[in-house]
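Taking the form predicted alone, here's one chain by itself in structure tokens.
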């Protein structure tokens, strides 16, 4: 049977979302995709569909207007997924923290796996964060695959004794 596991391991797709930043970190992300840094040499592709993404790259603090969209995009990304907070605004709210329309960093609403500090984050830090995210993604993917295998195995092969009503009725019939 053909499997996409190898391809998924080698080429995770990134969804980039600007939650309300000043675009400084967005410019650095574009620099990462330029030929000088060439982030795509690691197999990473920037995509626009959350249902095809594996890594969620967020810049900027959470604003009242972007909060619902941020959570909606996060829930649309299939498991396993990795979230990267790029820049001090996405990590803590940055210079916009405690303003009337800002609700701090993104970890208040969605779980973050990798934090990238800086205002704006340098392309080297962003690339390092993406490489860490790829490692975390592989680890989460392995955990998910082992959980699926465990779920698919019959209860008797797992070494556990089944005490459900069906097993009890079968046991009673045998006796």
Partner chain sequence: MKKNIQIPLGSQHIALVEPVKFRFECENERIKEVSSDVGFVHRGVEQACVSKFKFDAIPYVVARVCGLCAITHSLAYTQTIEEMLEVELNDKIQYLRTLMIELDRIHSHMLCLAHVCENAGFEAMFMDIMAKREPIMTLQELISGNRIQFDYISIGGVNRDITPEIQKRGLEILAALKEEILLYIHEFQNNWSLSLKYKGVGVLTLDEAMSYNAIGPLARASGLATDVRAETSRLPYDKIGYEMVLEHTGDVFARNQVRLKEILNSIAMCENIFEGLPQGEIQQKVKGKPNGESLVRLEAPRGELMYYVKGNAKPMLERVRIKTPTFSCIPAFMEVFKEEVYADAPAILASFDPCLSCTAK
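Residue numbers count along the first chain shown, from 1. None of the values given here were measured: they were computed from a predicted structure.
Below: the form predicted in complex with its partner chain, not depicted.
Proximity of residue 91 to its partner chain in the model of the complex falls outside the 4.5 Å heavy atom cutoff. With a 4.5 Å cutoff on heavy atoms, residue 37 counts as touching its partner chain in the model of the complex. Residue 48 belongs to the set of residues with a heavy atom inside 4.5 Å of its partner chain in the model of the complex. Residue 123 belongs to the set of residues with a heavy atom inside 4.5 Å of its partner chain in the model of the complex.
Residues 95, 96, 97, 98, 99, 100, 101, 102 of 75 to 106 are found to place at least one heavy atom within 4.5 Å of its partner chain in the model of the complex.
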